[in-house]
Every structure is written in structure tokens, then in C-alpha cells.
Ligand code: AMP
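So this first bit is one chain, no partners, the form predicted alone, shown in C-alpha cells.
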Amino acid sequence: MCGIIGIENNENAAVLASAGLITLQHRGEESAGITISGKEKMKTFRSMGLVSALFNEDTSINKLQGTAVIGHVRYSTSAKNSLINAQPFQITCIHGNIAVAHNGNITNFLKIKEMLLKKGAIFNHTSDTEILLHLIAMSKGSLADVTAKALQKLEGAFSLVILKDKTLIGARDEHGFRPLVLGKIGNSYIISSETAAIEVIGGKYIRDIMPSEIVVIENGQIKKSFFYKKPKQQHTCIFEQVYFSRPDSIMFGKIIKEVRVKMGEFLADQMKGIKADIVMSVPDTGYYAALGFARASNILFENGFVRNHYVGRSFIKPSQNLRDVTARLKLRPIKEVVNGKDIILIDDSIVRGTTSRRLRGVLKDAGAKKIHFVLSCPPIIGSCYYGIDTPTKDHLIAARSSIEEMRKYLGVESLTFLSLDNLVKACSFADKKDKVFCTACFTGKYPTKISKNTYKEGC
């Protein structure tokens, strides 16, 4: 999972883009990058760590001259966390200087890479994103046309921004797995992974970029918008609303915060008659589901954890030992809140189960009597091939254990998952239901063909 942004026709493009990237920081903390063009020769700056690490005395944000920019924040869906794979990627080819930033996972990457190697292509990165630049560089025609030809060859999940001189292009895969939205500030268009990044910099959200759509923007105008391939049935990742997207972002016309509150209300309905002293959340993504549960059940909502905001998300660390250290640093229970209490504890999901088990332990150590563990999504039984770092099935606790076995492993009094029907109801308009979403991680049913050769490591 990554975050991308593009801004065109703006004298303050670099400043606005950096603010947008900080707003998208939750989508990736391993590396950040920015490419700027329009006044001087295209330049790309990349660094490991947070967006703030990009800018120092040599790369002061106020010194970056240009009117068009793309930016990227990254977490890898493999352990290959290195500067060589930090984006945007920039090349010089027959079409001039081109840069790309990508969110997703191109599932036929290995097949296309082998074909390109046979044609003499030289790869500088281990990321699947690079094949797009090779495909563009090997084709003749306008940038829009060669981009369309390249995208027709790709399979899997990709939302991306491309920059050439003052031209900004945004595109999305035919299923719309990853979000990509269009906005405007003054006479400048913005393309972003989430609406919150548009609004934070003073822009206005216009609409989603549609599956299979390419949008070409020049000089403050949408020069061209077209479908490079007939769109298929939309399958936007439902886990975006459960976990990844900011609560102040909008998806399918609904603010994520309200969707998560609705998840909690449905959970309360599933657990009618449950008795407890307090409802509390695992910060931060469990917060609004816990709030909805408390409102619907009339059980007191309490903040029972103190979160260290200087520690990143444990889910998106590239190795298990780093996830465990991060989890211990991140949350501390408030003993006066939990001591002697029967608790309904709400989190967004269980992946491996190790963090959830540890949370139960620290709450018991702080004096909690009973813990009813509640999740705002169904059990995760399938690995993701579309850009999220879920492990293989043998490392997913729900893929190899019954709910009762998981309850015993976690050591809690009860374990409840939001049903898939209720999750879809919370996330969608009533007339669209599950037709909008990819729910493969909960069902094992993938919208695209999956085989042993399917690439999973992503951007």
C-alpha cells in the first residue's frame, strides 16, 4: 500500500504536494519521494523514512522550482525496503524525461519483465513499477497513447501518476482496486490517493478517477479523458474502508468515519444482550467502530489506551520482529480505566494474531476482568495480491484456525467478527451491495486469475 499525489499548473506545486504527502503518510512510512518539473529540468528527490526526511538545506522545499509535481509515500509489500525502490522513478527516453509513482501490485510483472529482458531492457529497480516505464519507452506516439498501450498489457492493481514536463497523467486499473481521486485548487488540478490530501491543501474534491480511465492534464485543463480498456466490474478493496483510508476521506460518497461508525452499530446488533462495563478501541482505526458500538448498545465508551504517536503503524512494518517492537511501543493501557472492568475491545482486524494476543495480556496485567474481543471485519483467510502486505495463508491465523481456536489462543472470553454481509452494507450504497468491492481476503475468491506465477510483492 502506498500513497500518491500529482499537482499541475501551480507555482507552489512542491509545497502543496509535500503537504499532501504528509496527509497520506499513513499509507507508507518507509520512503518518500517527489519529482518536480515545469521551470527547470525535471528533478527527483527520494529518501528513506518520512516525508520530512526529504527536505533539508540542500533540498529545501522553498527552493524546488516547478509548476508540476508528483509525489509518493511507500511501504513495500515485501521486505525489500531500500532507497533503490523509493519512488517516483524517473527516466530519460525517446519521449523525454518521464517520472511515475504507483500504488498497487502488477500481478503479471514477472512475465512482462522476462519479455522486456529478452528485448534488451536493463532494470535498475526490483519494483514492479519499473516495467511501465520500459513499456512506454519502447513505444512510439503521444505520451497518452503509449501510456494506454502499456496499461493494456498490465494485470492486477495500479493507481498511478505520470509526469512529463508540464503534463500530468493519472490512471487506474480496470477493476479500480486502489482509490484515485481528482480535485482542483484554483486553476490547478490535483490527483491523489485520497480526498483528504486534496482538502488539506485547500482544494476541492471533484470525482473519482474511474476504473480503466486515463486523465491527461495540461496548463490547468483536462486535455483528454478516456478509457484505455473497457472497464470491468469494479472491485475496489473493501479493506481501504476498514483500515487504510483516513477517517476524513470520502469513498463512494460516504466519509470513512461514518462507515466505521456503521460497522460498530452492526457489531452491536450482532452481539445483542452482551453485558460489559465499557467499550474501548485499539487506536486508531478501531476508534469509530467502538464509538458506533457504544452508541448502539448504550455501553459506556472509554479511551483505555494511550497511543504513542511517534511510532508508525505496526501492520505495515516489513518484518514480524519490527511489528512486535512497534506494537509494544505504540500502546499502553490506562490502569484506572480498565482495572476490574469487563471490556468490549474493538479492533479493525486480526492478521497473524500475535499483536492481539499481546494486547489481551497487557489489559489483563492492568486488571481487566473479562475481555470480549470484537473485530470490524470478517476473518482474513486469503493473502492479498493487489497491494496489501497480508502474509501467505499458513501465516494467517483465521486461515488455519476456527473462531473457537482463535478465541482460546487469544485468551479472551468471546471473539466476534463483523459478518461479510454487514461489512458490505456499512461500506456501500444499498443498491450496489458487494458488486463494488474486492473481498478476496475474506472469501478467497479473487477478481483476477491467481496462479503460482502471480506476482505479489508490489510497489
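From a predicted model like this one, the values you see are computed outputs, not experimental measurements. Heads up: residue numbers just count along the shown sequence, starting at 1.
Below, we turn to the form predicted in complex with this ligand, even though it does not appear here.
- Site annotation in the model of the complex: the residue of Phe244, Tyr189, Phe293, Tyr385 reaching within 4.5 Å of this ligand with a heavy atom is Phe244.
- Only one of the listed residues (Ser212, Thr285, Asn108, Gln90) places a non-hydrogen atom within 4.5 angstroms of this ligand in the model of the complex, and that residue is Thr285.
- Proximity of Ala268 to this ligand in the model of the complex: non-hydrogen atoms within 4.5 Å are absent; the residue sits far from the partner.
- Contact between Val351 and this ligand in the model of the complex is found at the 4.5 Å heavy atom cutoff.
- For the chain shown alone, Glu155 is not a contact residue for this ligand in the model of the complex, no non-hydrogen atom being within 4.5 angstroms.
- In the model of the complex, this ligand stays beyond 4.5 Å of every heavy atom belonging to Asp208.
- With the partner omitted here, the stretch from 352-360, 119-127, 294-302, 140-148 that lies within 4.5 Å of this ligand by heavy atoms in the model of the complex is 352-360.
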